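In structure tokens, one chain follows: the form predicted on its own.
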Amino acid sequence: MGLIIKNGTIVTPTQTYKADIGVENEKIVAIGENLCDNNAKTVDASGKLVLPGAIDAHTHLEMPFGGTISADDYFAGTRAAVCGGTTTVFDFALQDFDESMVDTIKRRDALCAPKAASDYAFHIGVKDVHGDLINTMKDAVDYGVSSFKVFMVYDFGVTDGVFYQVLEKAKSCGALIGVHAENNDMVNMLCKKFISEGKTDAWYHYASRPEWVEGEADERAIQWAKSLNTSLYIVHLANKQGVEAVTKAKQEGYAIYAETCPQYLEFTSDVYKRDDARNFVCSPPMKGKESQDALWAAIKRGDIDTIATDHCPFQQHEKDWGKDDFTKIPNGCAGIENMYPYMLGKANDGVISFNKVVEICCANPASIFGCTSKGSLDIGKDADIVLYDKDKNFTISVDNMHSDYDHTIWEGKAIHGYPVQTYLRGHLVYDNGEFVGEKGMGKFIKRAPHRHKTK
């Protein structure tokens, strides 16, 4: 063996136990007590939790939006990810008009492959399905990208009819559709209304996208999936009405998956009353306390399947474009380095269990998205391993993060417990505050087709 991690406490979704882990050729090859190989490098994990690397299934790196490009390129974003214990990052490859789905993947991968410091995968953001383009979804699945996303908002969003077509095609070709669910007409109408009334500060970003604007779209999206008896993945769920719709659909036996993000679990719409409110502008926005409580309850009972970040940070001067007009604020916040430590900190504080964190940050995204080599500490899996110190106190600051942005909504957040080492396929990439990996060492993860579960 090339590496043995000894004396740690392994955490799975269902078990917590002491054992050693042996690694060879980037894979886990042994799990047991008193593993020994005189030729192996040995790491003593006494007193530490040994966790799978997390999977962030929702990021926007080098993403053009609102007249600029998100602050983290593929290197900065993936570097930050591994420094927070996330070893696999899903990014969105947004299709151009008249572009096949495989060409979309190849175009985006040409940017990512030379820079990635973590392993990575793609979702395809669907814009154009006219003619034979919709049939190229199957080509993408065969290529190893088995998930797609439709937007019900923005000028590149799809109509309900196109959404329905994409869902139908996905069911037939082994793909999973994710949806950004907000009512576009209502958002546009409310934005125009508030601007015309001189209501221009960041509070009105939330006021133009209140709970029901997202909740109504969640219900509509779920209805299309139910009508086809097919799977659906709702990204960045942030509202109580949507949570209730997901719970109801699950209880009825439909394969509706839900993701939420740390920002919705930590902050409420009160942030839009702050002097720096524009920094918190993202879509959907943070909602009220009742919605936040509903999200935590859904996590605890298993109705929220995954945690991801929607990481899409912008520089302060770009956020400041919207000081006098909230519609000019680039939408997005940082989170890629904060997700796993934040959720593990909640476990350390007793809000949820460490097993639940591993389930929703590692095992569930691996299972849902067909990452067959990721998501758990099992023999034969990639040796993506995080050592976590429950006693380490950490305060988040832009100065100790590993991204390229110049501010963070998490500034000053104190966390009890923190990752101290991250291994990507057995290679040490993060060590006690320092990135020690290499640019370009990340691999493109080809994924299995989605296994549709019908009612």
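Keep in mind that this is a model prediction, so the values were computed, not measured. The numbering used is simple: start at 1 and walk along the sequence shown.
What comes next is about the form predicted in complex with a small molecule, which does not appear here.
282 is the sole member of 202, 334, 217, 282 with a non-hydrogen atom within 4.5 Å of the small molecule in the predicted bound form. Between the options 312, 383, 299, 112, the residue in contact with the small molecule in the predicted bound form by a heavy atom within 4.5 angstroms is 312.
Picking from 342-350, 145-153, 125-133, 371-379 the stretch near the small molecule in the predicted bound form, with a 4.5 Å limit on heavy atoms, gives 145-153. Interface residue remark: residue 60 is counted as part of the site for the small molecule in the predicted bound form, having a heavy atom within 4.5 Å.
The closest non-hydrogen atom of residue 236 lies within 4.5 Å of the small molecule in the predicted bound form.
When the small molecule is considered in the predicted bound form, residue 169 lies well away from it, no heavy atom lying within 4.5 Å.
Taking the partner from the other structure, the small molecule in the predicted bound form has no heavy atom within 4.5 Å of any heavy atom of residue 394.
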